[in-house]
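Read on for two forms of one protein chain; each stands alone as structure tokens, with the labels structure 1 and structure 2.
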Structure 1
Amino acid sequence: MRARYLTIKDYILDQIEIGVWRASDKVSSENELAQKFSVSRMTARKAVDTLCSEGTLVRSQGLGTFVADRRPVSSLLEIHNIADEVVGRGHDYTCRVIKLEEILTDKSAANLLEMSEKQNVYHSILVHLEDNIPVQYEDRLVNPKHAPDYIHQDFLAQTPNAYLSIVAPLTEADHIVEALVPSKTILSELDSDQPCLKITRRTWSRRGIASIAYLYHPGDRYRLGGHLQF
């Protein structure tokens, strides 16, 4: 039988994710939560304590419990939707969906997603185009726990990044950037013979690691840049 405090925890997370409670908003008191779910105050407190220890909530002595401000921060790279980037440059965006499937995690994917081996995950491969020229090959794994309907989406109409930002809002991310010559399959899809910039991006929602994406960009068509102010 599932612990009752986990039901309260999920309720609080849901209220945050759908925007009922936003950063710095005060959440329901332990007494209110206990009454709502017909449990003891101790059970409600355990749910709140767990979320406080995870950094989702923060207590303020004498004032109550509030949603923590956990806006994502990226030191040099910002998380952009490739479609918005292309349109922002005044160009036409299109994409090709190569794969959209359910697979089992191998050891590497399981470690990166903090899952067990041989669990179901969603796998998508897309090629993003700018004025009909391929500019990004996206190979992505998604934990179904965070985006259960991912495999049913029409990614010709909405990018995976845009969809995930709705159903599993980003709380943090890490990046690895490297220059390499990818496989012949990837080069063929990119219609290129050039070395690529590869970005490995792992993203978290409030419930854990939601996705890992491997993004390949032909070196002669893509640059990374940023502006730092001190």
Structure 2
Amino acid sequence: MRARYLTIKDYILDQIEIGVWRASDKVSSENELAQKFSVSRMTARKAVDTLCSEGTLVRSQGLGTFVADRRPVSSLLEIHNIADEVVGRGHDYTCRVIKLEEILTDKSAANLLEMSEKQNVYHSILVHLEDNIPVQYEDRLVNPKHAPDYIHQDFLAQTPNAYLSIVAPLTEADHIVEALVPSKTILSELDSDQPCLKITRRTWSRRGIASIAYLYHPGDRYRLGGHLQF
């Protein structure tokens, strides 16, 4: 016999899923849930308990229980795959390919990739969406030496990050994190007017710099987190 509190938990998750309860909304009280499902209040409470500890709901004594206003937190310490992150949060991941082309390095790109000027490099621009809301604008340069077939990939099936980690396993990375208001082009692709968290990340494989990525995240939809132990 399946636990009754799980039925209630599913019910709450369903209501959130179909949009009956949205972020910051008040959900049914413990007594209402208990009555609706003909269980004791302790059992209804357990359903709410588990959703609180999972970060889906937040409680406030005397006020009620509310859908958490949740911006995702991801790790600074890992090289993350945005698709895995989104799916890991139980959300729908999609992506739009804005650009996928071969270009010649200019001075700045050549410097960053430690190549010489006017060499072929691959250039891709993608927008990653979580439940159809843009969460990352990814502008990436790739050294063809490390990933010769990069330009023929289907990035709807596999993110650039995931593909690169297979053909050119990472040995090293650096990143710079900053806050800024990006260009209008980028803001429009992100459908946002917020300041962005920009991550500039260079990744090395065994034979040198494989790729440089500029990742823009709307400040109100994305946070970076990390936990350290000494």
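Basically, rigid core = biggest C-alpha set you can superpose within 1.5 Å across the two forms. All residue numbers here refer to structure 1's sequence, counted from 1. Worth saying up front: this structure is predicted, and the values here are computed from it rather than measured.
Between the two displayed forms of this chain, it is structure 1 that matches the form predicted on its own. Once the cores line up, the CA of residue 215 ends up less than 2 angstroms apart between structure 1 and structure 2.
A displacement of 2 angstroms or greater separates the C-alpha positions of residue 63 between structure 1 and structure 2, with the rigid core held in common.
Superposition of the core reveals a Cα shift of less than 2 Å for residue 180 between structure 1 and structure 2. Summarising the core-aligned comparison between structure 1 and structure 2, the C-alpha atom of residue 35 is found to shift 80.5 Å.
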